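Heads up, the chain below is alone and in the form predicted on its own; it's given as structure tokens.
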């Protein structure tokens, strides 16, 4: 190979390597955007439990563009930066799926007799994940933890998530993988750990943390939480699991 040809070949390699690196960086940013948008929606759902569980009344803030505006405001307050551009189908479909999940629950949320509606962050996340799966856009969101402590079997971690959670317990941080697989298909994946918060103990803590036991004699306390599950006696020191975001590479194009 001549010297000039070798130089040209080297330049081509550098060029395509640069394109690949730029693409991976763009995908990493998109996965981060999707994660943060999702986390903002979860925080809004948690902070607005009084409105969600209110018996009747005006619940307009929970539906349509009002809900999206509230998620955007939550994003601003949480991350102190502008809401991400909706420059990819996956982001737009995520917001659409959120609106559809709330719409699916409209009758329940507007019920004037039922107090606890059951739309907590965990159930919202599960319904949203199912909605995205049905849409088939290659975006998967899972609120997961180690297998032995999972309530919803649909959220059981796969091999990649188990491996990452083991790493997180040794070195807590966000893990991003540009060369992962999902159901045997190449995918971009990110796992964001969620530390236990005081509000988590309302359902997962001890009986003294159970809001259903407030004001009652300890002899009358129950270890069944508001959602009907047995409380696990977790503490703030326990591993809280996290949010796993996956995007299949084969469907990532606009």
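Residue numbers count along the first chain shown, from 1. Everything quoted here is computed from the prediction, not taken from an experiment.
There is another form of this protein, the form predicted in complex with ligand HEC, and it is not shown here; the text below is about that form.
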query	finding
Contact check for 122, 226 and 240 against ligand HEC in the model of the complex, heavy atom at 4.5 Å	yes
Among 29-37, 192-200, 213-221, 64-72, the region lying within 4.5 Å of ligand HEC in the model of the complex by heavy atom distance	192-200
4.5 Å heavy atom contact, residue 152 to ligand HEC in the model of the complex	yes
is_contact(residue 144, ligand HEC) in the model of the complex, heavy atom dist at most 4.5 Å	yes
Residue 83: touches ligand HEC in the model of the complex, heavy atom cutoff 4.5 angstroms	no
Touches ligand HEC in the model of the complex: residue 160 (any heavy atom, 4.5 Å)	no
